Every structure is written in C-alpha cells, then in structure tokens.
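Shown next as structure tokens: one chain only, the form predicted on its own.
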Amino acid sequence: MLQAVDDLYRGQASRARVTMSVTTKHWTRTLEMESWTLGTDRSLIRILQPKKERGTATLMVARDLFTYLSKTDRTIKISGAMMGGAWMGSHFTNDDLVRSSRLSEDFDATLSGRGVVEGAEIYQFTLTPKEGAAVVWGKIVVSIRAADLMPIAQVFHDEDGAAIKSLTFHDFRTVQGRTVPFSMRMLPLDKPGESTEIRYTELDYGIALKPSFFSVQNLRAL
C-alpha cells in the first residue's frame, strides 16, 4: 500500500499540465506549469504562466534538485539547508518535491484505525520513523481507501506529536489504466485559511522520454 502511495503519479514516463493556486494571509497567486517525469527519480517542471515567471524551472534527478531562474538566467543547486524552504512560494517544500524519504522504506506502519469517509471504507495507518532513517517527521498518519488503495489524506506531525500540515487528495480519475487524484491540497495547520492546491488539467502516461532529457542543460533550454 505504501509503495503505491510513494509512486502515485510515477509511471514509466509522464507529461502533465498543472495549475497551482496558493493562498496566504496576505496574497494569492496561481501558476500554470508543465511537467515531465521518468520512473521514480527524475522530474522536470517549467512555469508557463504568469508571463513574468515563464521559463523558471525545477529539475530533480535522484535526490539532487536544481532551479533555473529565468529572470536572472541563473541555475542554482538546492542545498540540504534549503530543502525545507517553500517551493515557488507554496506550502509544499523542496523536500516534498524530491520526496527524499519514502513511506514504504523509512517508516514502520501500524494499522491504527478503520472507518468510512464519504461512503468509502478507509484504512488508517500510523507511520513512525525507522531507527536511523533521515526523516524530519515524528509520525505521519495516512488514510487509504480500502477498495482501490488510493490515499485520501496524510497528516504530518513533528517530534513532539503536534500536527503541522495535512495533504488531502481529491477528484480521482482513471488515465490510461492508472487511477490518480487530479487534485491535492496542502494545508499548514498553524496558519488557518492558508492553502496550496495543485490540480492536473492534462496527464499523459503514453509519452516516451530518455534520461538525457532530465539535464541541467535542458533545464535552461526549455
């Protein structure tokens, strides 16, 4: 189940169009993006709109993350100290993008509950870090639909047990034989009213891509 959650959007290869809407206490913004993935460890995301940020792009290869800033024509490698920073001003972090930890490998899972949400039976698992795992969370509570093993929510807690943020999944659709949520929403639980929603407007798993596509050179050239 956790392997399926880890690789939810990862096909052999994919291309997508995405909108990201960010709401904070002081402002709101919407970005339109195009993304490509290959396997579980390569992705490239490029901003299409707004015009002033068009061409800004992010590249992930394994656990390395690079950002190209179109305004200044600079490429920056994101260091370990910057992984907790906000990605593109959203409530998702750079580490969320890289997914440097895997639920199925870095956590021990305990079935902690069963219930019904919106008419669907769900399993709830409490995940605690394995000894020596390089993770920042004290625990993660994951809710998964019993019928198709789709995730519906993840709640992230710090080492003191306080809930810090929640990630929920919505609008499930089947694309080329894969069922995926077309919308996910991140809520910072210490900032009421704030959120980031990512919504897929196009998703194609039939594209052919080579590893060479995911390069720093291509990050600048797209």
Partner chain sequence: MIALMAWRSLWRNARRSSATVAAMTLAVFMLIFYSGLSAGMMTRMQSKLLDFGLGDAQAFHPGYRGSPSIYERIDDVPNVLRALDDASFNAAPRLLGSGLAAAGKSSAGVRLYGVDLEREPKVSKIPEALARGVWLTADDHSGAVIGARIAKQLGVDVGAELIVLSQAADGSMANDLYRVAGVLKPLSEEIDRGGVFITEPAFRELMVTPDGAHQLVIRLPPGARTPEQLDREVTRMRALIPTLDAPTWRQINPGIASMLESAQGALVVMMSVVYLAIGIVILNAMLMAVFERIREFGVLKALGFGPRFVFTLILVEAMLQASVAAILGALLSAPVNWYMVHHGLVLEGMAGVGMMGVSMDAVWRSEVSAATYIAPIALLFTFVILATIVPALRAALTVPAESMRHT
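Numbering follows the first chain given and starts at 1. Since the model is a prediction, treat every value here as computed from it, not as a measurement.
Form predicted together with the partner chain: not shown, discussed below.
Peer 1: Looking at 63-71, 36-44, 170-178, 154-162, which stretch has residues with any non-hydrogen atom within 4.5 Å of the partner chain in the predicted complex?
Peer 2: Among the listed stretches, the partner-contacting one is 63-71.
Peer 1: Mark K52 yes when one of its heavy atoms lies within 4.5 Å of a heavy atom of the partner chain in the predicted complex, and no otherwise.
Peer 2: The answer is yes: K52 has a heavy atom within 4.5 Å of the partner chain.
Peer 1: I'd like to check something about R29: if you look in the predicted complex, is any of its heavy atoms closer than or equal to 4.5 Å to a heavy atom of the partner chain?
Peer 2: Answer yes; at least one heavy atom of R29 falls within 4.5 Å of the partner chain in the predicted complex.
Peer 1: Answer yes if any heavy atom of I140 is within 4.5 Å of a heavy atom of the partner chain in the predicted complex; otherwise answer no.
Peer 2: No - in the predicted complex, heavy atoms of I140 and the partner chain never come within 4.5 Å of each other.
Peer 1: Though only this chain appears here, would M88 touch the partner chain in the predicted complex if you measure heavy atom gaps against 4.5 Å?
Peer 2: Within the cut-off, so yes.
Peer 1: Give a yes or no on whether each residue among T110, V117 and T126 has a heavy atom within 4.5 Å of the partner chain in the predicted complex.
Peer 2: So, no: the whole triplet misses the partner chain.
Peer 1: Among S166, S183, S195, T56, which has any heavy atom within 4.5 Å of the partner chain in the predicted complex?
Peer 2: Selected residue: T56.
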